[in-house]
Each structure stands twice: as C-alpha cells, then as structure tokens.
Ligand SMILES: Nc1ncnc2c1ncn2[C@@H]1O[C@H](COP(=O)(O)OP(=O)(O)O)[C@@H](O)[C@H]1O
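One chain is shown next in structure tokens, namely the form predicted on its own.
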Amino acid sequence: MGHDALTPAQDQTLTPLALPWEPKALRRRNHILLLEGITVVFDGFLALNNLNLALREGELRCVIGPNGAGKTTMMDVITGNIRPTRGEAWYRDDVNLLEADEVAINLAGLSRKFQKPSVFESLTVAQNLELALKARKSVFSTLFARLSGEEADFLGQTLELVNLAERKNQLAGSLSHGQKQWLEIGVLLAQKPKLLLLDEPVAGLTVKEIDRTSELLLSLEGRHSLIVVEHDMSFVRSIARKVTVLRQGSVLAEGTMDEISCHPGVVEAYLGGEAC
C-alpha cells in the first residue's frame, strides 16, 4: 500500500497520547509490543491517528471502542497486513513490524484470531491441532511424520486447556460456534506464540461458553501476552486488568475497567449512561 501524505489540516488533528518517557531502546526492551505514533491514512481518511500502545510481556490487555475506532486497523498494522503512513511498531526489541512480512511476523511468535472462526471442518479436532503443530516443518514432515511423544503430550494438554479433550475425534464442522472458537484458539496455541491477538472471541457465544472463555484467557495470562478486542463489556470486566479505549483512531483512555467506566469521555463516546 502506498503512503498517503497528510495535508496540513489533517496533520493538525493529530492528538498524541504520550507514552511514559524513557530512552527508545529501553522502551523496546521493556515491552513485547510497542506502537509509537502510528498513523494510517486511507484516501484522505485518518484511520489511525498518532496511536501509541505499549504491552508488557505476559500482559492481558483489552481494547474497546465504537465501530470505526481503528481496532481492526491497529491489528492489521501489528500483523503486517497494513503499512502505516508513519510511526514505529516493534515486536520484542528486535522485530520491526513495519519491515517484516506477515509470515515472518507469525514465525517470530505473533498469532492472530479473527472474529469468525476458521478451522478445517472436514478434519477432527485433534487433526486440526496436529496440523498446527507441524506447520513449521517441511512439507514432507507435515504429510508423513508422526508426532513425537513430547508433541503428543503438548497436543493433549492443549485439548484439555481449550475444553475439547472429550471431542478430539469429533469432526470440527460438527462443533458448536463456541467450540469452534476454542478450537481456533487451540490451533493458535499449538503454534506456541508469545503474543496472541484475539478479535471478538465471545461474539455469538452462550453465557456458559463466555464464562468458559473467560477462564481460558485468564489461564493464558502470564504464559502468553494477549490483546483482546471485544464489545461485550461484561466479558471485558471479567478478564480485564488494563483496558485501552480507542476513538477515531486514537487512544482516548487507558486504565482499569473501573477507571475507564468513570471516564467522562469514554462514557460519552462508547459506554453510555452517566460517569461515576
């Protein structure tokens, strides 16, 4: 994608939310993900507006905001699907996300789950995970190699973690929507990522499935870093340690769920009702 130049009028609209000051190299070392001044312009439309976001290793961060706030565009930048007009984006301190392609970013340990689950419905649950385990091997190994004892143990642990151990021989196409969501999370975990990006993981789930998904994501906290984009505020409250609120491509507020629930700008822009 070509870089569109900002007009002076557009440039005046940029309202940065500053990151805590420290030398840039130290900021990169202290965070698994660092976005600084990310701006994306599509045909004159400002999709991201000088966006700053810093995520520490092992952190679970929820990102909320109205439709059109820039949540999907932000994840597209992180995964290398979109090149911003300007800014910097680093995964760990050694992977420049604005120079690496999508495959290289994934191989470096960053995996993304889209809103609609994408699994191989004609394969069993276990076979879906097995393919993911083998994905980094050669084509020959993927087709013919058997799982090692260590890999088989890891597959079994992952099935237990995503609540699908009893359905391992069931075709993925016969799973409920919620179970498919869990399977896709399991597929991502089979790739052993360091950072997971999850887009609306509880959309369309039952109350029981939402509760189980909350337990699953909380169990991953610390072992993995997670960014969860979601509209279900009850779910966000159940898992959130820190919440980032986007509005018109910028960070409007960051804090605990209680803090952002009392933020007048957040209440006006997204939550509705009255501030605390």
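Start at 1 and count along the sequence shown; that's the residue number. Just so it is clear, the model here is predicted, and its values are computed rather than measured.
There is another form of this protein, the form predicted in complex with this ligand, and it is not shown here; the text below is about that form.
Heavy atom within 4.5 Å of this ligand in the model of the complex - residue from T124, T73, N106, T158: Only one option qualifies, and that one is T73.
Contacting member of L34, V243, L226, A47, with respect to this ligand in the model of the complex [4.5 Å, heavy atom]: Among L34, V243, L226, A47, a heavy atom within 4.5 Å of this ligand in the model of the complex occurs only for A47.
Region of this chain that lies against this ligand in the model of the complex, out of 63-71, 217-225, 233-241, 204-212 [heavy atom, 4.5 Å]: So the stretch in question is 63-71.
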